[in-house]
Each structure stands twice: as structure tokens, then as C-alpha cells.
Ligand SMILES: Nc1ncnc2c1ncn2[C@@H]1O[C@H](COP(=O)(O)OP(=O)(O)O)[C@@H](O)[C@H]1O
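One chain comes next, on its own, written as C-alpha cells: the form predicted alone.
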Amino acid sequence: MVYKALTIAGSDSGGGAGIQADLKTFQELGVFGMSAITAVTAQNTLGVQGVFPLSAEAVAAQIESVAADLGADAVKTGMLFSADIIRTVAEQVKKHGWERLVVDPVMIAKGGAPLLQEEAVAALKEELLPLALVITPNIPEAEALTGIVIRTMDDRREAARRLHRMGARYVVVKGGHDDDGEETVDLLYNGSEFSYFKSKRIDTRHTHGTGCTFAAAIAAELAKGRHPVDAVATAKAFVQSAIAHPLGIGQGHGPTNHWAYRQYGE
């Protein structure tokens, strides 16, 4: 059995995030990766120098090509950039009956560059979130989607409840942007109970692409038929290892090490 996962996201010329990170993650977890590119970015570890979005028609054509021949056991979305692209992706997901959908609501690059137009946030909430099996916002993204200022774990739990009410069946509010304490805690909500995934906080600047990698790892595990909670646990371990064994390249926010989980384990 060959498991297949499709990433619908932007291209990162520096190789640390976007479809490049997704495809590396799929490969490392034993899943055949496919892609539909939404935008080409000129970026490196120092920042984003340019964003060149594709048309919604071009995105749809790529997805149709994959669906017509190869199919997908799971789908992951990343940088979608515009409301038109979001609506197109939502239409394609419904058309092809893809239920194992992981939505990483990418809004801002690690260096601060916007990767989602402001008017697209409403489309993301109304069109795509109701289709998501799993959504993986970081704290700033959860704030933007819910309108809540998140300062405490109670705030995170309330944000997760609101995101679940928007339609996502499993909500992961990541804790990497919470600077409080020696641990990072990712919160998972399934509509009835909360689970917490903890890891040691690592002081490093080499974290470019962690969000993309985390969501891609979840998608890869879902493609294999794993339960969402188990998929999140594996993704947490995969990213932790990728951060703990840095490549040490680039002058800015360097990429994580996608082969670390295979080479060094958790």
C-alpha cells in the first residue's frame, strides 16, 4: 500500500517551509507527496523578498490533475494567500470528497511578512474551516481567527472551543509563541475534551518552517489511517527532533532538520 498526501501551499525558495518542507516531511514519514502551488515566494532565512501568487484557475488545475490520476489519502493546506484561492480549494476538497484535511492557517512568515490577505481571513473561516478534520493555528493565528487575546491556557481553551464551533473537528492551538516556562505545550480539543502535548523548549533561531512541518506530519500520519490524536503526537515528536538537531544553515531564522526524526528518533 502506497499512502499519498497532497499539499496545497506556497513555494519557499529557501527550502525551509512551504511545499518544500511538506514534501520532505511526507517522504521522511513514508508517504508519497504531491503538491499544488498557490504562490511562489522569493525568501531565505533572512525574510521574504517577494510573493508571486498564482491564479485560482492554476491552483484548481493542479489539484484536478492530482485527483484525476493519483488521488490523495490526506490533504494539507498552507499558504493560500487570497479569498479566491481559498474558495477554489474548498470547492475542490468538497468535489473530491477529501475528509482527511489538515488546515494550517498560514498568515505571517517567521520574519513578519504577511502571507494571507486581510480580506481572505473571512473566507478561511467560512469556506475552509468547516471542512477541516484538523486545524493547527499558532497563538497569533488563533487570535486572528477568533478575536480573542490569548494570554493564558484558559484563553487558549476558549479559542479552541470557538474554532471547533466554526467546524474544525480537531483543533490544535500550538504553544511555540508562548514564551512562558521551560516547556512548549500544544493544546488539542476534539469538541468534548482537551489533550496536552508537552516538550522541552529549545532556545534556537533555527525554527523556520516548524508550522508547515507540524501540519504536514499530521497529514502524513492521517494518510496512513492513524487517529488524529496519534497523528498529532507523532507530529509533535517529529518537529521536536527537527528543532533539537539543527542544521545550522542560513544567517537568519534557519530551517529545521527534516531527517532528524529518522536519524536520531524522538
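Numbers follow the displayed sequence, beginning with 1. Since the model is a prediction, treat every value here as computed from it, not as a measurement.
Below, we turn to the form predicted together with the named molecule, even though it does not appear here.
| message | I'd like to check something about T146: if you look in the model of the complex, is any of its heavy atoms closer than or equal to 4.5 Å to a heavy atom of the named molecule? | response | Answer no; every heavy atom of T146 is more than 4.5 Å from the named molecule in the model of the complex.
| request: Answer yes if any heavy atom of H227 is within 4.5 Å of a heavy atom of the named molecule in the model of the complex; otherwise answer no. | output: Judged by the heavy-atom cut-off of 4.5 Å, H227 is well away from the named molecule in the model of the complex.
| message | in the model of the complex, is there a heavy atom of the named molecule that lies within 4.5 Å of any heavy atom of G211, even though the partner is absent here? | response | Output for G211 is yes: heavy atoms within 4.5 Å of the named molecule.
| query | Quick one: does V239 come within 4.5 Å of the named molecule in the model of the complex, counting heavy atoms only? | reply | Taking the distances in the model of the complex, the answer for V239 is yes, it comes within 4.5 Å of the named molecule.
| Does the named molecule come within 4.5 Å of a heavy atom in each of A36, P53 and Q62 in the model of the complex? | Not a single listed residue reaches the named molecule in the model of the complex, so no.
| said: Within 4.5 angstroms, counting heavy atoms, which one of the listed stretches 84-92, 116-124, 147-155, 168-176 is next to the named molecule in the model of the complex? | reply: Comparing against the named molecule in the model of the complex, the contact stretch is 168-176.
| task | Select from the listed residues A58, I202, L46, L70 the one whose heavy atoms reach within 4.5 Å of the named molecule in the model of the complex. | result | Only one listed residue qualifies here, and that residue is I202.
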